[in-house]
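Have a look below at one chain only, the form predicted alone, in structure tokens format.
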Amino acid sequence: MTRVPIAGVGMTKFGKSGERTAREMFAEAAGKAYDDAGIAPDDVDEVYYGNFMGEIAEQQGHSGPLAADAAGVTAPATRIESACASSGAAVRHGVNRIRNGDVDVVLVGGAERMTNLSTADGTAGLAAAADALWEVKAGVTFPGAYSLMANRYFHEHGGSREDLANIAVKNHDNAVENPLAQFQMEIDVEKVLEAPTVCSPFGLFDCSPMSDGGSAALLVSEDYADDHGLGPEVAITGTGQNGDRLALQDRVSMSRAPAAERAAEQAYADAGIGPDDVDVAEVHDCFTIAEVLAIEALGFYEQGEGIKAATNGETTIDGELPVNLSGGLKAKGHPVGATGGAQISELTKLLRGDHVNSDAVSDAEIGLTHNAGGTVASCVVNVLEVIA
């Protein structure tokens, strides 16, 4: 294991800012990361930029160089596209480039502009992450796909809409004091259950929103950090990425996430830890059932047992394993290309002690991010540890 220090992080407030371009939002996030790290753009060796919907929302492809230029960087830049796991994969690329000894400073992250589209157009755009031939033509949307997974989970393991509602309530509670979150408002189980149905068993509050936003992190080699007296407090010590068949009908199971299981195994082995060592996690809760599938795939719960975690208070802010203290995708927001980078930004601050919810995990030493693409056909898991 070679640790890769996180010298600085930054993100925009997530929400509705559809008048801003993705490159503008990435530039704002990168500027915050430069200030946080004390690093000038001229020192950046490479850029990895996550973006999924650029061609759909902005008629813009080849956005890596544009994002780098907006961030004041003239170094080589590459757009990484892996649906909602785009910037998680961008982070992993940066980690591997530094570990290989090829570069010393990498700017990673991503941005997405979504709310300039209508709900129908945005939903159709997101569906591009599904199998166009066998899923999209049959009318499958992502709320529909995840509802199939939720209903199958209920059939095999039990659980209820109230259990899913407790996940939404928990993540909204966590976002109330987070100034970067899209929804800084409390909800209760009754409100979740009475919300309009999107796709059974999901109501409106079971679904993450359309969001705009950007995220960024500056990864550095340990030699660079030492030579420049940076003293980073958190590093990435383990990373894993894996995949699954794209279409649900081709999967062995719709109630498990094997891509996340394998990515987690890789990340744990890389960091030399196990799931019992993790103190806090940011996971990909695009729909409430997704958080259940994630915490089981990550080894925090046996299959069929994660559904009660929020109901029992085990993953709440004062629980044994707090999950999504940022508010998660559900309440913090989900500008898809920025989400994986935002998880790194929020978890870094939680571990450093400068996040609004850091007091809840003041003794935390190890955190984990889980970023999924599509119906978890792709997944990136990163382990972060306090190093100072």
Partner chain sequence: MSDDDRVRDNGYDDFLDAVEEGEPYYLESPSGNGWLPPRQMDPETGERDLTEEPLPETGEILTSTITNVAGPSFADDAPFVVAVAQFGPVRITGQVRGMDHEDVDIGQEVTIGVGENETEGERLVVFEPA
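Positions refer to the first chain, counted from 1. Quantities reported herein were computed from a predicted structural model and do not represent experimental measurements.
The protein also exists as the form predicted together with its partner chain; that form is not presented, and the subsequent description refers to it.
Participant: To test your reading of this chain, name the stretch in 242-250, 71-79, 271-279, 170-178 whose heavy atoms come within 4.5 Å of its partner chain in the predicted bound form.
Facilitator: Among the candidates, contact is made by 242-250.
Participant: So which of 160, 266, 123, 312 reaches within 4.5 angstroms of its partner chain in the predicted bound form, heavy atom to heavy atom?
Facilitator: Residue within 4.5 Å of the partner: 123.
Participant: Its partner chain isn't shown here, but in the predicted bound form which of 209, 144, 232, 238 has a heavy atom within 4.5 Å of it?
Facilitator: It is 144.
Participant: Quick check: do 138, 155 and 200 each get a heavy atom within 4.5 Å of its partner chain in the predicted bound form?
Facilitator: Checking in the predicted bound form: 138, 155 and 200 are all within 4.5 Å of its partner chain.
Participant: If you check in the predicted bound form, is residue 185 within 4.5 Å of its partner chain, heavy atoms only?
Facilitator: Because no heavy atom of residue 185 falls inside 4.5 Å of its partner chain in the predicted bound form, the answer is no.
Participant: Contact between residue 254 and its partner chain in the predicted bound form at 4.5 Å, heavy atoms?
Facilitator: Residue 254 belongs to the contact set for its partner chain.
Participant: Does the 4.5 Å heavy atom contact test between residue 303 and its partner chain in the predicted bound form come out positive?
Facilitator: No, no contact at 4.5 Å.
Participant: In the predicted bound form, does residue 148 come within 4.5 Å of its partner chain, counting heavy atoms only?
Facilitator: Yes, residue 148 lies within 4.5 Å of its partner chain in the predicted bound form.
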